[in-house]
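In the block that follows, a single chain appears as structure tokens, in the form predicted alone.
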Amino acid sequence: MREVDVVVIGGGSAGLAAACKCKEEGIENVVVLERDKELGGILNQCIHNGFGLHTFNEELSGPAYAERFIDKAKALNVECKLNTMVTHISKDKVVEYVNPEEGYVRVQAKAIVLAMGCRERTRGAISIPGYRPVGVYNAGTAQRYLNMDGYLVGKRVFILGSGDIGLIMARRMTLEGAKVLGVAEIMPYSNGLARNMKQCLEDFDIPLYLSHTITNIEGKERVSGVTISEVDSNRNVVPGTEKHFDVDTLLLSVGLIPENSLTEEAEIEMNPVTKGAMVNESYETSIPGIFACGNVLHVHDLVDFVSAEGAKAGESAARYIREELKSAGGFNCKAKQNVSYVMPTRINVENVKDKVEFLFRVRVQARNATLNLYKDGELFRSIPKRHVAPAEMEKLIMKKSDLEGIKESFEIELVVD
């Protein structure tokens, strides 16, 4: 059985950033395992621009952003195996994979970085009455067909869900000559970034129906129409609010789920809110030496933040190999009122160099709210927030000195007037 220093599972933005950082930290034997035929992950089908403003201080397309990290990995001589499916990881960090060239292989790693990304929720995950005709696609699937295969999936389109992929596809389909009749969102607010709302819907006069959902799909062989209805505050359909649209295609943009079958199989402790692993300040999971980063950990808004998180996980994997990390001890990080989750979920101050970057999402959309921070149940600091929304990741940076002395918990809550 081959022995390596670090195995990175996933060759997207998080995995490539993690592998490159490991090499920069002096870890020579780093292997990236990617199941697709090329590196880059989902970025390869995201031909629109808007990537790289934080990482490279310029606006790039998805493939151009991926190319920067692919070139960096090549320059650092990172070993990358394509068409390689990881089938199992164990608690003692044995990775099993298969590919056409080598067949079945087992590798013993000193550290593992999980960077498998996320997947879209399917129609089966939500309740929509109607038949199962041709013409119902996940938005990301339609994006891949159009941007990579040159195939337009429909001419008259309706979109369910206002996530960023759905908003971007509303614009993309319009630019290719399709008619997008509207976007329905079950929540009373959009789940996409404000810039995508403006650039993808408002600029093209595509209507957004908030507090609405699909209540019927018509057509047996091919979609022929959809009906949407308004929902109340409990998400119950309001009778008499039906609106009908004649369409040949329905795109679903109803959320993303971290791709964590390998994580769960390894019996790593999972976060019930994010559906990703529970990690500490070093992005280390409940199994020492196994780290998680990017969208497999929690779904991000921007790929720049995914890459930054991957680099931190890569640095931590290098520190683990050099025996610089302490896995035990520390305090928990918790979400309180109006906060969905806090990442990381545990902090060992001894592992912190100078600061900790907390990422979290709120449950409500609000203006002029207050962020309260608690140390061991006592209010430590209040921060005014002019605007917060569930669709936008919040970031909080705490100095190491502010975290020293905490014994049990650090908590974040949002108070709305």
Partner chain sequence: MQDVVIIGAGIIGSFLAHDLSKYDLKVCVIDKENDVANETTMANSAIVHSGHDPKDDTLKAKLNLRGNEMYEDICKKLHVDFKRIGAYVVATNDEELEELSRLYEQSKRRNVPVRYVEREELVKNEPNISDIAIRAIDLPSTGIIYPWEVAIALMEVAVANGVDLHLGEEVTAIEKSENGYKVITSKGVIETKYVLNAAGVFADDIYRMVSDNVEFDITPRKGEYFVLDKLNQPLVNHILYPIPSQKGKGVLVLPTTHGNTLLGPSSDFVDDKKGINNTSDYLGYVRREVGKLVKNVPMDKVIRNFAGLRPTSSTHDFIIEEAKDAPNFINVAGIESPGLASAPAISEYVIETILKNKLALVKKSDAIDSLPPITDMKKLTEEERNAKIKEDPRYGHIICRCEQISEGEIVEAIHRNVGATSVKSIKKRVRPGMGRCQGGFCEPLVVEILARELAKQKNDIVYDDVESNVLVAKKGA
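Everything quoted here is computed from the prediction, not taken from an experiment. Positions refer to the first chain, counted from 1.
A second form of this protein, the form predicted in complex with its partner chain, is not displayed here; the remarks below concern that form.
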| query | finding |
| --- | --- |
| Which of 341-349, 256-264, 281-289, 161-169 lines the interface with its partner chain in the model of the complex (heavy atom within 4.5 Å) | 256-264 |
| Candidate site M85, V134 and K155: all three near its partner chain in the model of the complex by heavy atom within 4.5 Å | yes |
| Sole residue of H244, K74, R235, K220 within 4.5 Å of its partner chain in the model of the complex, by heavy atom | K220 |
| Of K91, R119, K326, K334, the one that lies within 4.5 Å of its partner chain in the model of the complex (heavy atoms) | R119 |
| Residue contact check: T141 to its partner chain in the model of the complex, 4.5 Å heavy atom | yes |
| Any non-hydrogen atom of T227 within 4.5 angstroms of its partner chain in the model of the complex | no |
| Non-hydrogen atom contact K275 with its partner chain in the model of the complex at 4.5 angstroms | yes |
| Contact test in the model of the complex: P129 vs its partner chain, heavy atoms, 4.5 Å | yes |
